[in-house]
Every structure is written in structure tokens, then in C-alpha cells.
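This document opens with one chain alone, in C-alpha cells, the form predicted on its own.
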Amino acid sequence: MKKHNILLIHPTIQPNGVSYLEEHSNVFLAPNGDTQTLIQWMNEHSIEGVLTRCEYIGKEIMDAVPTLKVIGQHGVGLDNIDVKEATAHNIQVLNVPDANYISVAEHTMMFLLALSRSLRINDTSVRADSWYSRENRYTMELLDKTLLIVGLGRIGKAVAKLAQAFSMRVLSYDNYVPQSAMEALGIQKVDVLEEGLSQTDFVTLHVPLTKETQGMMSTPQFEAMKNTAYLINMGRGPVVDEDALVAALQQGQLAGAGLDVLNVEPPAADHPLFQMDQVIFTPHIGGDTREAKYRTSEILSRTVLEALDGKSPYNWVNRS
């Protein structure tokens, strides 16, 4: 007899995860992630575990659903889950911190290459039946260029390894990683962000959104960078002060940017960054390769059931 009741939300996790859950538990599919819809479905079906992607799970739901024991986040970021309230309600929160870091690192290298070779500008030129950019815009190699990685977790370390394969000089700013650990990876530690920014040809952001990181890239930081340098944001949109970024690009303080994340997603159609051909966008898909999605679904479905069975899964983020 299947002993656990699990709620998924449409659109849900990948088929491999759904199949695993259906094999071992009773699975229900809510039509959307609205708070009242979730409360209704959870109470009607005595839900013990819910798997989320971007749906907000906060105090209102936790107060209203006494059966809820586990919240599983399909990904790394926990912006949409009130972890403090979950802890107060004795609800375990799980994420998947190690399933998509290779995908994000490869996406970062895609931005590095695309920006260094003015890919968007050159593509637009060819499509306009003009080879004007070939003679009027010089691109550059990554060889011997300096990359500053802000946040040296799994993703940052993977980016460093890939960048070193291109013979780039790699710096990192991360107050939680000691100098000895960075030196062992062939990375130079930067203690003051602006000092690292002044040296770099590319800076790539791989930090979560916290009070400490929100707006950490703003006017003073852009002023510290060379006007030939590029910014890549693969973390969270609000880590970058977008008004300051717009101004820096308009004033020529930066050469360009590669942005997988923005403050508001999706952004307004008249966003000023859309007027800048030196900026390349992707729709928050850095970790969304086929392989990473299936890996994430497999890990999350398995560990949610482990938690409900009273075990201590490795990805339990609010473990006391």
C-alpha cells in the first residue's frame, strides 16, 4: 500500500520523477500554484509532500495545511519558499544543489564566447545582408584574459575549470572560501570586490540572492571596471542594480553584458536593456538542459520520499 500523498503542480517535474513518485506514493496534480488552490488540494488529499518549481510556499499555506511535512524545490534557489516559517512549522525543505551546475557553467562559457566575439552584433549584421561589422568591430580571444568569478561554489568552480582550459587567468571573490582552497584550484583570491573588478576582462556572478548580495553590482562597482570589460549574471537578477547597469552601458563604462536573469521575469517589453545590441539575453535557462532537468527530477523525487520515510536526505536545507 502506498503510504504517502504527494502534490505536484502543473507544469510539473520531468516524467522520470513523476513515474518514480507514482510507483511509491499517491500523486495528485494541482492545476496551478495559486495559494488558495494549493491549500484546497493539500487539505482535500491530506498532502504530506509538495514539489515546487517557482510557486510560493509561505506561512499562509503552512498554517492552513497541518499534514504538510516536506517541501521539495526543483532546483537550487529557495526564493519562493519561506524557509524560516517552514522550520518553525517543523517542515523539511529540500532542494537539488548539485544537479545542474555543469549546465550553468557551460552556459556561462557560452556567454563568454558570445560576448568576446560580438555574436549578437555580427549575427544581426549578416541577417541584414551586411558584412559591415567584419571590418568595423574587432573581437577578441579568451586566451590570457582575466575572469573574475563572484561566488566560488559548485558552479563557480566548474566555470573556473572551463575557463582555465581556455588559458584564462581566473580570480574569485568569495568571503566563504579560504585562499588556500582557491590556490589549490589555481585561482587567485580577491579580498576586495572592486580590486578584482579593476583587473578583469569578464566578471561572472554565481551568488544566491541574500541581503548581502542584493545590489552588490551597482554604480561604484561598474565604475571600478575597465570600459572594455563584460558582465555576466547567472545568479539572481536583483544581485545587479539594473538602473546602474543601464547607465553604465549607456555611458560606455562597460563593453556589454550577458544576462540569464533579470529583476523582473519576464521583463517589460520596453526594458531599456533591450535597446542595447551589446547585451545578450537568455530566459533564465542556464541550468535547464535536458540532462540537468532529468537529473534534478530524479534526485528530488527520491529524496522527498526519503524525508517522508524519516530519513535524513543530503539535500535537507533547514536541518537543525
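No experiment lies behind these values; they were computed from the predicted model shown. The first residue of the sequence shown is number 1, and the count goes up from there.
The form predicted in complex with a small molecule exists for this protein as well; it is not shown, and the discussion that follows is about that form.
Residue contact with the small molecule in the predicted complex: residue 222 places no heavy atom within 4.5 Å of it. With a 4.5 Å cutoff on heavy atoms, residue 256 does not count as touching the small molecule in the predicted complex; it lies far away.
Proximity of residue 261 to the small molecule in the predicted complex: non-hydrogen atoms within 4.5 Å are present. In the predicted complex, the small molecule lies farther than 4.5 Å from every heavy atom of residue 136.
For the marked spot (112, 272 and 277), a heavy atom within 4.5 Å of the small molecule in the predicted complex is absent from each of the three residues. Scanning 217, 187, 163, 155 against the small molecule in the predicted complex with a 4.5 Å heavy atom cut-off leaves one residue, 155.
With the partner omitted from this view, the residue of 102, 121, 142, 177 that lies near the small molecule in the predicted complex is 177 [heavy atom within 4.5 Å]. The stretch among 123-131, 242-250, 82-90, 144-152 whose residues place heavy atoms within 4.5 Å of the small molecule in the predicted complex is 144-152.
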